[in-house]
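Shown next as structure tokens: one chain only, the form predicted on its own.
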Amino acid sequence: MKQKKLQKNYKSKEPLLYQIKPVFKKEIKDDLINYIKGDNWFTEFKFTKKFEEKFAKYTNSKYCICFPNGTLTMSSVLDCLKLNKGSEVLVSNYTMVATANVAKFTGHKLKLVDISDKDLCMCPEDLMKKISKKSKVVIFTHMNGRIGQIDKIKKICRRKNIILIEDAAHAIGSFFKKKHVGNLGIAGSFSFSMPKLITMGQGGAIITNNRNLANKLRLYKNFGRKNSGEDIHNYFGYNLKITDMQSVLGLGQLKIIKSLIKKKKNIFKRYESKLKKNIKIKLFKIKKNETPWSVDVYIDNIKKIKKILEKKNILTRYVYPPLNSQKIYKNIKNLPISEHFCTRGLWLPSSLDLKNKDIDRVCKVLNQIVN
């Protein structure tokens, strides 16, 4: 749907600002057109292999394996770990529902952990309270690119003999002590869905430094066979391949990843500078070693505020609701910090083509409403 058509639904004459949309440079579009024009087979092949190599190099990890999305990345890792039935998987109460669903999808028991009011990531103290003898895996979400207290979480996992997986869907370009996120546990999961810093429309990847796990994942995603085109299946697996067209898009964005990261950081900084004096708007800082996926603010009366912003042609999105507010996980109680913030959060316009004047416009309206 064209922007003019969408704009008819709103009352303001100001240009419509999306919460987030994919932005591709002409060179990247040309790469895709040339691929389609060329004598290519479209399925996962040499461009995907090249993307995996380049993404592994960028994150300084030994192995990268692509998947159709960020849900299948995490569920595939859990399946390949061969955990005992009834094993507990501990997940933050503030994350996209897919992170929790992978525990259920692979037949394990989900336990929700509250977040810290310092950084919106998993709280180490609450994690300690939730661990039992059946706890086998922690999936730590880097919410909006934030590192959180991953060092404490890692120490707890090591001491309790628990496997650590990082959900780094929001966190391309975030580092902990010069290590790119995703390298701090046995595996790191990334998403390349439409709103992400690198987008393929859909897509995901696992990075790992564990050779055994990497080999299992490659078999698992290719019907359990070692070589495509040969129908010899010595292992169990699924068809979880992507297309080379997706990888062409990914490679183009990976070439300019530094500029994309810089743009995202600058967008967040400008919002922060324009909103920081408003004591009724809560922003959690983004550190130098962190790259935000979007701009998240926390305010009372967000439904009313969201509606007013929409009338001004400013589109926002609610942050993920606390997982224990969803019908499928509603029986899990006592997660007060996430219940507080997840019911007050909005993602503000954060597209890569956002101009300073657009950010200033959003902040002006938001400051007028919230006072």
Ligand SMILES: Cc1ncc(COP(=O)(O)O)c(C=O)c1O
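Numbering starts at 1 and runs along the sequence shown. Everything numeric in this text was worked out from a predicted model, so none of it was measured.
What comes next is about the form predicted together with the ligand, which is not displayed.
Residues in which of 186 to 194, 172 to 180, 241 to 249, 218 to 226 have heavy atoms within 4.5 Å of the ligand in the predicted complex?
-> Correct option: 186 to 194.
Can Ser294 be called a contact residue for the ligand in the predicted complex at 4.5 Å between heavy atoms?
-> No, Ser294 sits far enough from the ligand in the predicted complex that none of its heavy atoms falls within 4.5 Å.
Heavy atoms within 4.5 Å of the ligand in the predicted complex: does Ala98 have any?
-> Yes, contact at 4.5 Å.
Could you confirm whether Asn69 comes within 4.5 Å of the ligand in the predicted complex, counting heavy atoms only?
-> Yes - in the predicted complex, heavy atoms of Asn69 and the ligand come within 4.5 Å of each other.
Examine Tyr320 and determine whether its closest non-hydrogen atom to the ligand in the predicted complex is within 4.5 angstroms.
-> Yes.
Taking Met74, Asp167 and Gly203 as the candidate spot, are all three within 4.5 angstroms of the ligand in the predicted complex by heavy atoms?
-> Spot residues vs the ligand: full contact, yes.
Members of 123 to 154 lying within 4.5 angstroms of the ligand, judged by heavy atom, in the predicted complex = The stretch 123 to 154, when checked against the ligand in the predicted complex, contributes only Thr141 at the 4.5 Å heavy-atom cut-off.
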